[in-house]
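Two forms, one protein chain; structure tokens for each follow separately as structure 1 and structure 2.
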Structure 1
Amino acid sequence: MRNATDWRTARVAHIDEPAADVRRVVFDVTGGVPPFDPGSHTNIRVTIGGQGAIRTYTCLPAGRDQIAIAVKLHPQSRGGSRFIWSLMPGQEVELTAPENRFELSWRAPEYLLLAGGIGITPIYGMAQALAARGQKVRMHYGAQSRAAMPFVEDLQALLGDRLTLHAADQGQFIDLDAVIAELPPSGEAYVCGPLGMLEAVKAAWARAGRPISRLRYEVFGDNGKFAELPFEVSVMNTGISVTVRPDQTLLGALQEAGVEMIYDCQRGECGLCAVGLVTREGEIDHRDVFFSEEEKREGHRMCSCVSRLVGGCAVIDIGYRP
């Protein structure tokens, strides 16, 4: 895994709200910002419950020597979105130079962009970059309502009839089989949205017999199939037990209890923080994109950075041996 360690001081230059419950924050970065491609992200040091933590956000197109992010205020926020929403113009933060793990290939004759809700953040920059280079691109953008869609006006001006909006409150949903069928065999699809959307896209892509190498996706946040409930975990061979609150991750609760953990992405992508499940009571809400569907059904391991139990309790194995 690549790790961004180039920490820089930044100051809040501008704040606006491009959609309901979405805040865009623009930072002036001390020492400037190296060029970055769409899909890049920055890590930001935040304060949650009086403790320091790191959260990752997609970098939006911004001005010279600036980094911009857009953050939706989650009702069950683990603290990151609340911290970003608390920022005021002039306030200083520490963030990293942009790093990219969701890169455009620039090899396809045509591109399909799919965004769900705040998953628009990397897709927005990709649409701008592809249009600027004259690439063939179509985009489908879904959300709960039209009011919940940031950057729609910009995208409509940029893409015209190549952009289709889907508002769930108006009964509008993306026909994934149809839009994938319209893509040439050598075309590529880029997707960012809630976990359910990603699973649906992967299933439709497989039904179409498309090579998985031409489907790129990124999950946002730690959304799952079930509402967040507290659950109990005991760590094998340590005598440590923790209660995981609805607003925190298993990884966060373990760290808070002094358990040393190996982790990296904190987005359910790398699998470094996965723990074994020795015994458990309660269903697993897998929120990662690391484990296969078969591994998730087996229920032997879970990514502690995003996945959780739907209530109940478990004994976990983190690999520690006395």
Structure 2
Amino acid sequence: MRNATDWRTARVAHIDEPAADVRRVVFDVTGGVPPFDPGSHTNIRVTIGGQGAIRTYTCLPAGRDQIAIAVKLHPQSRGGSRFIWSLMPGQEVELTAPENRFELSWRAPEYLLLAGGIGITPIYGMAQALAARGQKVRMHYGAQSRAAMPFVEDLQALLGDRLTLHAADQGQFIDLDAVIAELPPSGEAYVCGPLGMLEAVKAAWARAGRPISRLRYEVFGDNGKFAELPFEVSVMNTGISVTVRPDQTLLGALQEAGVEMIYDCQRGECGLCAVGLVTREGEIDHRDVFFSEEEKREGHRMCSCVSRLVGGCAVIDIGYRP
């Protein structure tokens, strides 16, 4: 269930780099932290270009009254990861008590954990919890290189030969059909990784004829097939045109320009912020999980909170009929 947001003050206690370009930040939380399960996330008030914004990060296993996150520095960061990377020990931030929308069910006879790159963050805690409670679990962890995989030593100690690593720079990739076939029919898979990986897993899961309710995943909508480029939109019936910078979303740019929008999840799940595309020059980088593959191919609409144009311009329809 979704809870009302509970903001707390926290102070940076410790920073380290568990892998190349990945920084782990541990916060001491004033007033403590209620117990939370793996898969939980926290929202942090960040500052981007002098403006306040909210970014969501998975809570890693941490000490009592602490919240820990691990953040990869994105070359094309919209600013969230750059802010986290700028933090110094002792600095204060505001964050929310952990909330979970990616919970282990604890009812499967066996679990398949699939992590891609920095998508390891929720999967790491799940692996710990499942191993600690003697559950049957297999994990496949893929990334660009071995050096880009945080927490590998811990996970190897925890899972032994139940963990397989796949380093793309050594030509190692996860054979999704094969690993899904090894899972008993009532087994569950938990996936976190780039959107391309998630789509491949969903397709393989469907090919295997498995029920979608046993495939569980979480998205943050912050990575697409293409790098972030600026693009232009004109809003039909308003006379408003905006340039969407690489470090902001279409939704953010519209709001900045005074366009009234409705939205909720801001991670490409709910579809409330979707806009119509009346005319368009430039490819769409769909980064949501709201539209079906077919709807994405048709390209009539896009989620303004996460999806972008790869440069170019468009006339969009937000439903305003003066």
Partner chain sequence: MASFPLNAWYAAAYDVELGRSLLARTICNKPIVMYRKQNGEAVALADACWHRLLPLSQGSLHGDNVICGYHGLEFDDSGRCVYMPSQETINPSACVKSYPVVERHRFLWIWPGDPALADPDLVPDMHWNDDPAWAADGRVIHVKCDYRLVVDNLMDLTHETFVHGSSIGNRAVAEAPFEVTHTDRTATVTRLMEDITAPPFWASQIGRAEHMDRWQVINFQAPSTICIEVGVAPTGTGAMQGDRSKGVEGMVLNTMTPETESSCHYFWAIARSYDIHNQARTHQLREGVAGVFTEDELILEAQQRAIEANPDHVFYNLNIDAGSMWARKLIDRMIAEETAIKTAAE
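All residue numbers here refer to structure 1's sequence, counted from 1. The structure presented is a predicted model; accordingly, all values stated were derived computationally and were not measured. Each form is matched to the other, and the largest set of C-alpha atoms that superpose within 1.5 Å is called the rigid core.
- Looking at the condition given, the form predicted on its own, one finds it describes the source of structure 1 alone.
- Once both forms are overlaid on the rigid core, the distance between the two CA positions of D264 between the two structures is 2 angstroms or more.
- Here the rigid core is superposed, and D317 then shows its C-alpha moved by 2.5 angstrom between the two structures.
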